[in-house]
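The chain below stands alone and is given as structure tokens, in the form predicted on its own.
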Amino acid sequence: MSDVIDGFVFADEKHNVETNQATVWQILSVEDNQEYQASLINSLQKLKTVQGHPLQILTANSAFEAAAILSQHPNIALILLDVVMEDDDAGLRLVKTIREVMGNASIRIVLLTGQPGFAPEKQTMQALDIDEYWNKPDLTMDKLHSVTTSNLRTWHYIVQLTQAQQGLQMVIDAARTISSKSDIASFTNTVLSEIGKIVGITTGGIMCVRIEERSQSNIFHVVEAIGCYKDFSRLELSSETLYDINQNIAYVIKYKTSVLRTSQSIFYFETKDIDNNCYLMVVKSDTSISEANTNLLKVFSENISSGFTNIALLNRLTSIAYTNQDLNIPNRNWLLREIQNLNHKERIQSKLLLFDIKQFEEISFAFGSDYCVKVLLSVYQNIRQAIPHPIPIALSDTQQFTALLPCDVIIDEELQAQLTHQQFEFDDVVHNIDLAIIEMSLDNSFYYSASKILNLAESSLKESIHKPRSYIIHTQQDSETISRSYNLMGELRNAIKDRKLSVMLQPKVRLSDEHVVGFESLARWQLEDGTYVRPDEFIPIAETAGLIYNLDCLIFEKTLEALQQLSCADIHLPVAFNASSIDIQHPHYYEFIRSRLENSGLSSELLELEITETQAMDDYQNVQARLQKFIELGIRISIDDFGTGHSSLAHITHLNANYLKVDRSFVTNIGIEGNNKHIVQMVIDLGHNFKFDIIAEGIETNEQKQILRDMGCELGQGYLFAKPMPVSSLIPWLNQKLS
């Protein structure tokens, strides 16, 4: 059932009214609280219309329902989205689905929450592409109307611009292909020549005059002239001079109409709706123009008018498609076209410089869009002034400039410092802005598309954020690494789906007698060609691609399979499995572990959960509470990489854990670096004082083992004792060790 009330179209998800998308703007309210949902609709009912457009309100009670509605209604303008619904982070996951899976960047998303502590505003705004964030109690009816109206207007402008930029580039390039007369000079020259042929001018002349409607001066520009007017070609003439040439010109300009005479005619054309210009075509014939030729000129004038309009429109569309309208400089489309048009020799001799303004999102959030435009303009001007070469610079992303320049332009250390640390003044206040810069040569990119070249450079630029230097040289090896990561991402997704990953177990031993006391389960990924992808390569890819939860769940199931094989061999030793903070805080992870363990028939005492110190401390209160549930289940907890993270001492007395693992970075040089030895001793003493068992990882020499043992470390693992092994190799190894 659907109703229309006060300009609204109310529809449920099962019986939607098909509405005219050109006149109706859609809003989706995603809320599991029916009472609050009803109050939202009731408040929006009083808004009636926005910019003359009636509003259609769609409703969903869960993120799952919302995703289905979004697939059916691709033109939804605004989502009022509850954060906590069927799951604690259902709303946040829906945002990622909209932006990353559906690829919808134009829809406006306003988060509403009654539990602000679950998803703090600042962190959520930084992590997700959302437009506004409101606590439900703060969202009055007036504020709701204001938020709705502003976001609908923003959506309308973005959709208009997106549609234009998606289609205009193809239109412009096609127009340039089918017409060789795409500029006003060549067009008018051809027109004059054709008019001369029609009229049969021998001693007369023709000229085209451009008049700028916005100009208050009496100066007019002669675009082209032939015959007796050829001396006026491309000059600026006063109105008096023009009136002397033809007395009818004043009349034509005043009344904006054409005047045809037997020997002198003036045709009036205008493109003021596009570029505020109008044109006069002044024709002087040495003989009377026949009636037939006059009619021909009338017909031809329609073609001339279309030509002027098309050229003006072409220039305008070019400006929109290839120019950033805020800064009036080339945009990303322009840059991609320029790169794509480079031939092989030009690419070999060219390179890109990408400039990324650090903390631009924070600047935008704190100071607003007007300030950001000033920052962008200042950075653009600084780059142009700093580089001693007339190079094209484009705004290739929201906070990113890209320059295309010859390889022989050297950016020395002094210039690097000038570019990466910029200073300028607004309103008598000095501002400092830092930039990250990537230099990428195009000499090995001939077979890459322009989009891939730019994407490679941007990926490298993002990686540079984690590097100490602000000026990075992108190498061919970097391109190969990024391309490999991208390819591996797709393969990893399929490998997880097809359960093609496996586990190997590395023994943990008692240092006093090297007796095996347990194992750590480590993920392994073998490709079709038999080679292995290193965990330190595919695990970050899984985190980046949002696959880490699926990966860890699969590895846990593989760990249980390994434990069952050990139990069948009468080996009953605990196995540790790794979990991320994403896993621990996932609403279904605990239940997944509990149910899989129960179905396996194995004792929970045979499992240890390992989480890194940094992950345990990032959201201490929440993570600790969830770890306690695993402890109550009977699973022991190990804090991995202890000493490399932060805030450990502040919380060590409250850690829900049984083991502290000394990171291999401290063990490697324990016999050489005195500081490492002191840190390890501190960890061991702290662990003993607070009743933790200590495990040292990465032990590779007897010297390291003896030092750790003398310091009071009870347990260890490393290549000195055994490398990670599949269960099929581990069982014979254990039997031989025990025999």
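Counting begins at 1, following the sequence as shown. The structure presented is a predicted model; accordingly, all values stated were derived computationally and were not measured.
Omitted here: the form predicted in complex with a small molecule. The next part is about that form.
> Tell me the stretch among 633-641, 105-113, 328-336, 72-80 that has any heavy atom within 4.5 angstroms of the small molecule in the predicted bound form.
It is the stretch 633-641.
> Among 209, 403, 376, 551, which has any heavy atom within 4.5 Å of the small molecule in the predicted bound form?
Result of the distance check: 551.
> Just one of 228, 372, 472, 523 has a heavy atom within 4.5 angstroms of the small molecule in the predicted bound form, so which one?
By the 4.5 Å criterion, the partner-contacting residue is 523.
> Contact between residue 714 and the small molecule in the predicted bound form at 4.5 Å, heavy atoms?
Answer no; every heavy atom of residue 714 is more than 4.5 Å from the small molecule in the predicted bound form.
> Residue 358 versus the small molecule, in the predicted bound form: is there a non-hydrogen atom within 4.5 Å?
No.
> Verify the contact flag for residue 610: yes if a non-hydrogen atom of it lies within 4.5 Å of a non-hydrogen atom of the small molecule in the predicted bound form, no if not.
Looking in the predicted bound form, residue contacts with the small molecule include residue 610, since a heavy atom lies within 4.5 Å.
> Does any part of residue 578 reach within 4.5 Å of the small molecule in the predicted bound form? Heavy atoms only, please.
Residue 578: yes, in contact with the small molecule in the predicted bound form.
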